[in-house]
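A lone chain, given as structure tokens: the form predicted on its own.
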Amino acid sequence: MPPSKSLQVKLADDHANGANAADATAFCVFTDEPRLPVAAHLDEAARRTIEDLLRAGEFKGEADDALVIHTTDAATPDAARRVLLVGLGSHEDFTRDALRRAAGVAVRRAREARVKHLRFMLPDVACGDAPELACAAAEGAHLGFYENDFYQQREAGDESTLEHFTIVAAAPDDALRDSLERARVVAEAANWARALADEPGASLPPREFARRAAEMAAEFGLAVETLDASEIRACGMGGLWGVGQGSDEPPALIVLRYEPEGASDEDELWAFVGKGITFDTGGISIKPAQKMEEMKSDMAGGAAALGALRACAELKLKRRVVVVVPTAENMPSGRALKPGDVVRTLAGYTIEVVDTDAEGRLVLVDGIAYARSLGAARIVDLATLTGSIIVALGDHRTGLFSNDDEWAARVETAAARAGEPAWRMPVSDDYKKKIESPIADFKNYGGRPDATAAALLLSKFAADTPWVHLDIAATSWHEEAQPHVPAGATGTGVRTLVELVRG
């Protein structure tokens, strides 16, 4: 994975200051009045041009729409100046996430137009304080700047030219500058997680995943421990060992710890457990060939948990956190788990493997049990776990399951603040027949509703520890490019977990 270029995001306090250094200026447009709230920052000729476009309905301000236009600066009539109009939808529907997406759209359109320096006018809106709006815009810019064309050959001079993104806001102060720094840290952590999930399976087997996690840990001052295949087997993680035994690439258990300055063992420890299947063929219960290439991202939950810990460390947040990532390849071979096999897990429970393509829950139960053995007082797991959640919620919301109402509410609130909304789903013994086995304590698959059955199985291993399961199967991946981000991994979960730790 080659190092990605970074975007320089900064603040400016007025349109005139440094405006001539910018190649283009982006203005947010609403579908209702006032449609162009910052029109005062336009010269007369540009204002007339834009007002004519809006009046004629050539640009309506719909969310995610954008239009590049050329205007003539009255002071230098021979020079064309580019203006980028970005839609925000209606005032009633405006949210920080709408602004985050608009900034991403602006960045991607600016790159297409080969703009080097883009000024982004922060809209004057009644809802939301300036630091949070600036943070959303900066996050959107960094997230929109991400590309996953790691392996494409580039001709000389064919690289993206965008280098600077200046957010124009009234009276920038330390709070605004701090918000931009927070946005950079969180967005870069999300992009790091996206790059891992976009990496081909051949170049990111479990050992390499563990190596990159350790490399990141060294950079950000995190403690790291990796259990290899022999240690996994010796300590009784039959779920993780069983899934990984069919591959030539051995499984691993990645454990990273963040201990903030001044923390003690008496302080509550939170655990983030991320599914880390670096490639999922389905094993003996093999998947259809169509879209199997996307299974390289079956470790997106693990990448998100690691990315969140990276951001927590860089922001120096005051919470003890451990990340546990059980990682393996799920491959068919003569050594692979067979349907009907029984595995014994770290917690001591046995699980009948009805479907080897329901492997995520097998590795997660060992990850959750290991987190509890470390003394975790609260747990969040993230996993690209079930296709069933896609049927239930589509790709706009993550499925949230929990054994604790208060903990669920905290995670749900954090997800909403982060712009990664979650929807709480049922998990109770009403569905226990789905995971009952005649031969073992549980079975790993019982048919639909599979998202709920899978969560119920995980809950048995969380026991009485407050626990939330985030099924990100739909939200972790875009099959097609969006106006604000490319096709591929989304980094879902990183921002939610950071917001949760921030409180």
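Numbering starts at 1 and runs along the sequence shown. Only a predicted model underlies this, so the values are computations on that prediction, with no experimental measurement involved.
If you look for the form predicted in complex with a small molecule, you will not find it shown, but the lines that follow are about it.
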Options 101-109, 225-233, 139-147, 349-357; stretch whose heavy atom lies within 4.5 Å of the small molecule in the predicted complex
349-357
Given the small molecule in the predicted complex, answer whether the residues V38, T166 and A169 all have a heavy atom inside 4.5 Å of it.
no
Interface membership of K318, the small molecule in the predicted complex, 4.5 Å heavy atom rule
no
Tell me, yes or no, whether Y445 is in contact with the small molecule in the predicted complex, where a contact means a heavy atom of each within 4.5 Å.
yes
Hey, in the predicted complex, is R361 touching the small molecule, heavy atoms inside 4.5 Å?
yes
P426, heavy atom within 4.5 angstroms of the small molecule in the predicted complex:
no
Note which of G221, G340, P200, G387 lies within 4.5 Å of the small molecule in the predicted complex, where distance is taken over heavy atoms; exactly one does.
G387
Contact residue in the predicted complex, from I284, A113, M295, V125 (heavy atom within 4.5 Å of the small molecule):
M295
